[in-house]
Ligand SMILES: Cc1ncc(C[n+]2csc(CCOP(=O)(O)OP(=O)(O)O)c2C)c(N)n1
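Only one chain is included here, represented as structure tokens and corresponding to the form predicted alone.
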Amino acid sequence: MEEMILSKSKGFYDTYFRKDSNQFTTHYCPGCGHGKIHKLIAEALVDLGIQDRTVMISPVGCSVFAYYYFDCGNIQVAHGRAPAAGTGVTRALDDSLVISYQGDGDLAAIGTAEIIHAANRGEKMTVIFVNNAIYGMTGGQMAPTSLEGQVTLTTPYGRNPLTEGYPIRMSEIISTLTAPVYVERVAVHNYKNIMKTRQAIRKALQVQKDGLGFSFIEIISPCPTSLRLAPTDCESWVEEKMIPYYPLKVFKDEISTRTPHFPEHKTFTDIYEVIGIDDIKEDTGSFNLKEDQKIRISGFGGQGVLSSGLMLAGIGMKQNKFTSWLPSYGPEMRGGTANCHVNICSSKVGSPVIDSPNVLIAMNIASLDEFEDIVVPGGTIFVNSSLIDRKVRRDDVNTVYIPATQIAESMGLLAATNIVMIASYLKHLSINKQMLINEVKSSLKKKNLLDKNIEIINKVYSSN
């Protein structure tokens, strides 16, 4: 007699190690469709050979704990934002496959803008949209997909179209857009439809694997707990109530007419041409760094804090370094606080946020007070000593004091205090001053001040 062995898909973790003591069970309720859908996705990842390339993105809702289960890349995002995060992943990681796994309250309510625009752009991702006609995780409130007359926690007399509007048919909406390649609505309330759902998920992932574009799979799913029905009764409710309003069908299939498209790898020269940067002809030497530069520049609005960061990032980019620039400023244009994060690295930048800089350029006392303690030991703090009347308190960092405001004012251009500071920083790194001069030439908006800025750079580099 043959022995039948039932085993968990290799697309899942062997144990759900993030679940403390419940490492062998899921958190889903009996009769819930999420567990069935998870199984179909996990098997598809393995069978299609894409498990190591896949990033699963799950927002708020019953899908929020997908990272407990799937042995692939996982990102957990804010309510409704999965398509936005997926856009970033699929564009940054050319070889990735992205699954945006969302419920109806998430995708069709707070996330409506994200899903519509991701679909309209034809982002290379697969959206798995679980429609159970209710807000399941938060206690059974009316969802955008709740049926007319359906009693929920927030519609105790039944959904009234005059006050709550009509149930939204997302597959019909998505299929009207030009860019989506494949749109289908399926269900998991019985074996026959589970097998159709299995095929639809695999087809959608294959579309993405082949570089064809955006797929949208809506899955009608039972939610016995929030609908307050026994699992078998809930399956009957799905068949008798939901499917007549949400018919199961292929709404769009243009797979055979689409041409595969994979991102082109742009060179730095291509990028310079697009953003209008002229090739630098002068021999400016090389931007050799002993370590990656993770820089925080801070001051008050009007000191050129953000433009300083942009110039440093521009210099790094032109030297074929991996760079990023992230601004942070208060509501005031001038006089308020401002700071920015600048990465200049020899390898890809994982995040533009710099919590532990190895360089701080402090333009005023408030900046030094706020950021002195986050500089890593051995890092360097550049202090505008004209406005900062105290010394750096730490003895495990290097400190460079520059009377930047005084120098700029003495040269007749107080607004160039930021140029004094970043020139001092680059000089400290033994970086050729021509790199900064070239950057100022290309980025300075007031060309009548160009000569004065160059004069200030020369003065900083010639001083002891």
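In this text, residue numbers run from 1 along the sequence as written. If you're wondering where the values come from, they're calculated on a predicted model, not measured in any experiment.
The form predicted together with this ligand exists for this protein as well; it is not shown, and the discussion that follows is about that form.
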Listed range touching this ligand, judged in the predicted bound form by heavy atoms within 4.5 Å, from 102-110, 300-308, 378-386, 175-183: 102-110
Candidate spot H79, I134 and M137, all three touching this ligand in the predicted bound form (heavy atom, 4.5 Å): yes
Candidate from V55, V60, I437, I50 lying within 4.5 Å of this ligand in the predicted bound form - any heavy atom: V60
Touches this ligand in the predicted bound form: H34 (any heavy atom, 4.5 Å): yes
